[in-house]
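Here you get one chain, nothing else, as structure tokens; it is the form predicted on its own.
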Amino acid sequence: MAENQLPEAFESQMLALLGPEEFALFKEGLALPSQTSIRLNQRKFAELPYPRRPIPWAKDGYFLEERPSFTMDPTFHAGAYYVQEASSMFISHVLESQKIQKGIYLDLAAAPGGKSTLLSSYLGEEGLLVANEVIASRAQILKENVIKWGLGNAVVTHNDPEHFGPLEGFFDLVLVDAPCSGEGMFRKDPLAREEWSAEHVSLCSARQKRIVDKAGELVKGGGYLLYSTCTFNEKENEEVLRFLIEEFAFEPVRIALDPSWGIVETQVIFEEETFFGYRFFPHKVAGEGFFITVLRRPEGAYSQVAPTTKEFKHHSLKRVGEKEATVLEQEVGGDGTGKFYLLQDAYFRMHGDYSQELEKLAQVLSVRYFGVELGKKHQKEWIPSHEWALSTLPKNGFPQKELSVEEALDFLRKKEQSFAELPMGWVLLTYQKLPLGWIKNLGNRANNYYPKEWRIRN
């Protein structure tokens, strides 16, 4: 297929959706360059040199004037921001405008982690996020991005939607950012055009219906379901919305829009009730193609809460006793709300308000990461983890060394480094006061404990 050429069947589909005049504008929009956008982590402030302008529908979101080399920015590796497509940040507006209750959230198809880190920021210490990914390699990427974001309020799981059956009515919010045909990426990724076919659209629609058929029952009474895709077609959007409201009792949610944003509201009528969807077209918004609908479960729908249990039995996860946990919380410098667990000799900390939910999840799902991994202890001395370094938890008792940008990049490359007048033992290296990771000063040398698989290779 020639560059910028669209599949013939796709053109026919979009002509039917938009009409000839607007389809011409749509094609012109697809020919424009894609814009880079980032979302800031308010718990990790950094001075960023990038000229930028706010994304109007996204708290903490910004368009960049040009795409920098993020790999060569230490604040990127420290989790100060996430490179996320602007249209998908509309979820921030949904949460804020509806004042959606915080609690237990599920991102069912979460990798690589843009929407999960957004949900994590919204929840803060008032909720727990389950970030799930069915593909193992993508689950690992999701885990890394959750660790970099550092808020400690997430559980990363690796499960098929089928596995969530015992968690019916458990979640205050379920986000299904469904695997799709990728039409919204035609401007950003020319390869997506070559992979598109009408048959693939039908296949995706069938798969999406199977996923939401499981996701719909996971929302508790009064909770919310968000369904999104990066496609334009009605088969993967309105048809799936219609399937949802035919299968489950959901109430419509209408999102307030500023006309200047260029977002198109669509409607589906079912049993004399109007349900709403929101579509992002490349000739109307600066972001890429995107669709989202928001539904609310009736208050009387089934709700499940995690039971309070005196004992917790798990094949690999062990609850730490109260006396030891109190000591650990003091050593960590926590606020007194921490609950601690042991997994293969490594200590993990969770916010105590959600420990029962974690234990319920661990009994049902394949948990890949949760809270903050602190590290191990040897003869009462900490062997701190990289996860603790990148978290927003305090690092009491550990000396710190502020690095220049050149020193920070050498550390991130795992190059050998020597620093004058460093205390012996573990030292936390920072850039712009943001933690990057640990070194251990042995006197004659300093060992670099940045994860080998994360290092900068250029």
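A residue's number is simply how far along the shown sequence it sits, counting from 1. A quick note: this is a predicted structure, and the numbers were derived from the prediction, not measured.
FYI, the form predicted together with a small molecule isn't displayed, but the following is about it.
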When you measure heavy atoms, are K115, E133 and P161 every one within 4.5 angstroms of the small molecule in the model of the complex?
yes
Contact segment among 305 to 313, 320 to 328, 268 to 276, 171 to 179, judged by heavy atoms lying within 4.5 Å of the small molecule in the model of the complex:
171 to 179
Within a 4.5 Å heavy atom cut-off, is A86 in contact with the small molecule in the model of the complex?
no
Is R242 a contact residue for the small molecule in the model of the complex, using a 4.5 Å heavy atom cut-off?
no
Any of the heavy atoms of V372 lying within 4.5 Å of the small molecule in the model of the complex?
no
Is the gap between V94 and the small molecule in the model of the complex 4.5 Å or less for some heavy atom pair?
no
Among the candidate residues A111, L218, I104, C204, which is the single one with a non-hydrogen atom no more than 4.5 Å from the small molecule in the model of the complex?
A111
Listed residue that, although the small molecule is not shown, lies within 4.5 Å of it in the model of the complex (heavy atoms), from L361, A78, I147, I211
I211
